[in-house]
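Starting off, we have a lone chain in the form predicted alone, written out as structure tokens.
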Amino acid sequence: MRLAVVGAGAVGRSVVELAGEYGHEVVAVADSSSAVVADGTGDRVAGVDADAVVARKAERGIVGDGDPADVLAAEYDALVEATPTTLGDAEPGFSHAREALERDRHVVLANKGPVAERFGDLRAAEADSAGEVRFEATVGGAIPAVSTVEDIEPGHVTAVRGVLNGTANFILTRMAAEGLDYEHVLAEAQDLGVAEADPAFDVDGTDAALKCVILANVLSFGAADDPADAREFTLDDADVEGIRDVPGSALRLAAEDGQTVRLIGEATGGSVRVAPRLVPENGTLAVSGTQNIVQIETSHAGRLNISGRGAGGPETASAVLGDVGRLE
């Protein structure tokens, strides 16, 4: 399949690097200020030089000499939207997806914004298109959470919960293991590159909440006989509490009772909640470090647990390319 990749951060670059291993060809790449588009038309379009694109981005900060708008007009089968997540109107990611769908192209999202903030609009655009929208990479990196819910069928899933942010989990794990307070471990995480210079998106629970909002939309729309009857969720509908106020003493007291604290997100077809919760110290939800875990509660198959790497360029790119494979 011919791919156009919009966004050249860690995920976008990894898609460009790995697409060939999955049997796909990247024919166009854009970052925020530049682009490269392969020569040719129709079936005569050859792929871009992936190594050259990645090297140029590393050395010069651009992927090519073209206009980013040219990528959306290129000859591709699926658009990979990997620009940074934005809230509210979810732009420019939503417009990129809509433009591709209007051309009857497929869309694979690594950008959470369109599915967390404009899910109904996205589904409406998909309904008017011959293209399909996939978004496995928006929830849990390499963990196949969305596709597993779809395979079970959303109407048979009662809830999805889990640890869905690696930065927050690293901090809580270190606080528990070393008896340290939040600020000390945050500084350590920033030094290691696990936490951003501004960690708010992770430690305040926003990232986990967006993932849970996406899952709630999958459950709500997937279980509805008519999409018009489904409840649409956005971040504003989520009840969110982060980890900034979790004291080291709380983790020490929890350990005395064989428990620990994790930032747990939960989504159903009717609510979204994210907050620090007590969990058994040796229980399934007590994953350590930057690991993520998703628990899926089902009507007939009991509880399913899926864990793995919830972030990272190659890890998330594997989810993107898995979605591309589902479109073939």
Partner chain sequence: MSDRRDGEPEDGAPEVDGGHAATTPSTHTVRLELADEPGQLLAALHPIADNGGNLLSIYHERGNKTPRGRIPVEVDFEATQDRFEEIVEALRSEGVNVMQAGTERYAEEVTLLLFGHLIDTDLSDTLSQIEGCESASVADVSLAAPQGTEESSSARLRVEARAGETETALAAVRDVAGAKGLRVVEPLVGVEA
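Predicted, not measured: the structure shown is a model, and the values here were computed from it. Residue numbers count along the first chain shown, from 1.
The next section is about a form of this same protein that is not shown, the form predicted in complex with its partner chain.
- With its partner chain omitted here, the record of contacts in the predicted bound form names 250-258 of 109-117, 190-198, 250-258, 77-85, defined by a heavy atom within 4.5 Å.
- The candidate spot formed by 307, 314 and 322 lies out of contact with its partner chain in the predicted bound form, as no residue has a heavy atom within 4.5 Å of it.
- The closest heavy atom approach of residue 178 to its partner chain in the predicted bound form falls outside 4.5 Å.
- In the predicted bound form, its partner chain lies farther than 4.5 Å from every heavy atom of residue 271.
- When contacts are judged by a 4.5 Å heavy atom cut-off, residue 295 counts as touching its partner chain in the predicted bound form.
- In the predicted bound form, residue 241 approaches its partner chain with a heavy atom inside 4.5 Å.
- Here is the short version: of 98, 134, 174, 161, the single residue with a heavy atom within 4.5 Å of its partner chain in the predicted bound form is 161.
- The listed set 287, 37, 50, 264 contains one residue whose heavy atoms approach its partner chain in the predicted bound form to within 4.5 Å, identified as 264.
- Contacts between stretch 268-291 and its partner chain, counted in the predicted bound form as any heavy atom lying within 4.5 Å, involve 273, 276, 277, 278, 279, 280, 283, 284, 285, listed in sequence order.
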